[in-house]
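One chain comes next, on its own, written as C-alpha cells: the form predicted on its own.
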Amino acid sequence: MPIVLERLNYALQHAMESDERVYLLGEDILDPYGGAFKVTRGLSTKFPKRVLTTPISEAAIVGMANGMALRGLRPVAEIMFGDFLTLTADQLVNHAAKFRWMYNDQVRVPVVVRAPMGGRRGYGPTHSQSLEKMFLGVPGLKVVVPNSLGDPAELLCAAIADDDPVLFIEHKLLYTCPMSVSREGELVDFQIEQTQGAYPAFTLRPANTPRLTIACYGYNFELVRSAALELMMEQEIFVEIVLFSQLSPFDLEPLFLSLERTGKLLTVEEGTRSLGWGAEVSAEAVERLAGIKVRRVAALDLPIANGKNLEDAILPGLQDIVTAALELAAR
C-alpha cells in the first residue's frame, strides 16, 4: 500500500518525464539526500539538469522560480520547512499572485511552492507551525493541501499543470500515512462523494442520520476520522465529514450542502485559532445558512513548545475534537 510521500515523489517524476518545462529547485534536494523529507529523492539522478540545488535563501528560491515561470517554464520550488514561507511572502503575494493582473492577463506564473508544514515531531517553535492561514485570501494565489483520502499525486500534478501560482502545503506527519479509504475497515460505514475539478473536496456521509458536520483538511483528517469512529462506536453520534483539498479561494458548496442536513458545524485545523481557516469558514457558513451552530477546534494562540507534553497541550488532539463534537451535538 503506497504512502503519501511515495505518491508525491511519483507525481514529480511523472511531471518531469511528461514535460521538459518542469524544473525542481530548493535546498539540499540533490541525491543522495533528496530533501529534508525525501520527496525529491532519486529525481536529481534521473534529471540532473532540471533539479537545482539552491543557497539558503527562500526569497531567492521563489524569486528565481517566478522568473522561470514568466519565461515559460513550470518550476516547483521546495521550501524546507513551511515556517520559512514568511521569507517568501513578498515574492508570492506581491509578485507571483499579482503579475497576471498587473500585466493585463498577458503573462502567467505557473509556479508551485511546496512546503512541509505542521507539528507533532518535536521540532520546536520555528519548525512546527501551520502558517497556511497567512496566505489565504490572497487574490491570484491558490492554496492546496493533500490528504490521504484523495490521491496526492493527482493533486500535485494538477498544481504543476495550473497556469496560476499554487502554494502546496504538505503536513509532515502525512508523508508516512498509507493511501486508503478503508484502512482496516475504518470507513466502510461512510458513503464518499467527491466534487469535480482539479482540487476536489470529499464528503463522507454516514449510514445513519448525522448530528453534525466536521470540516477539515490535510493531516487533520486522520484525527477527524478517528474522532468520528469513536463518536459512532461509543456515543452513537454520527457525523458527516467534509474534507477540503483547496483552501483558497474558498469553494464551500459541499459544506453548505452538508450543513443543510445537519445544522451544526465543527471546524478542525492545526493552525492557531484566532483569525484562522475555521473562523472564515464559520463566518461564511453563518452568513449563508442562518441559525446553524458552530464550534472551532484549533491550536492555542501560543508558539509551539519544544517539549512533547507542552506541544501536545498546544496542538489540537483527538479528544479535543471528540469533546467539542459532543458539546456541539448537545446544543
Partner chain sequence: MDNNLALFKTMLVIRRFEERLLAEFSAGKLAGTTHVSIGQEADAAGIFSVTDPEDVVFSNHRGHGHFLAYGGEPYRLAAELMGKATGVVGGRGGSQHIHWRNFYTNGIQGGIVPVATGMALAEKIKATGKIALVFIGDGTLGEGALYESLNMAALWKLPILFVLENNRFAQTTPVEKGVAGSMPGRFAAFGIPVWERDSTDVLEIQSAAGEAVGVVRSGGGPVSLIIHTHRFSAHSKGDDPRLPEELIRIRQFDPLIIHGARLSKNDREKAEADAISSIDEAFLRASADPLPGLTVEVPASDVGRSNLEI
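Numbering follows the first chain given and starts at 1. The structure displayed is predicted, hence computed values, not measured ones.
The form predicted in complex with its partner chain exists for this protein as well; it is not shown, and the discussion that follows is about that form.
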How about Val39 - does it come within 4.5 Å of its partner chain in the predicted bound form, if we only consider non-hydrogen atoms?
no
Does at least one non-hydrogen atom of Ala11 fall within 4.5 angstroms of its partner chain in the predicted bound form?
no
Asp151 within 4.5 Å of its partner chain in the predicted bound form, heavy atoms:
no
With a 4.5 Å heavy atom cut-off, would you call Asp189 a contact of its partner chain in the predicted bound form?
no
Name the residue from Leu257, Leu229, Ala161, Met179 that puts a heavy atom within 4.5 Å of its partner chain in the predicted bound form.
Ala161
Among 220 to 228, 111 to 119, 198 to 206, 167 to 175, which stretch sits within 4.5 Å of its partner chain in the predicted bound form, heavy atoms only?
198 to 206
Is it true that Ile56, Gly124 and Gln246, all three, sit within 4.5 Å of its partner chain in the predicted bound form, judged by heavy atoms?
yes
Need the contact residues for 280 to 316: heavy atom within 4.5 Å of its partner chain in the predicted bound form, sequence order, or none if there are none.
Leu300, Leu302, Ile304, Ala305, Asn306, Gly307, Asn309, Leu310, Ala313, Ile314
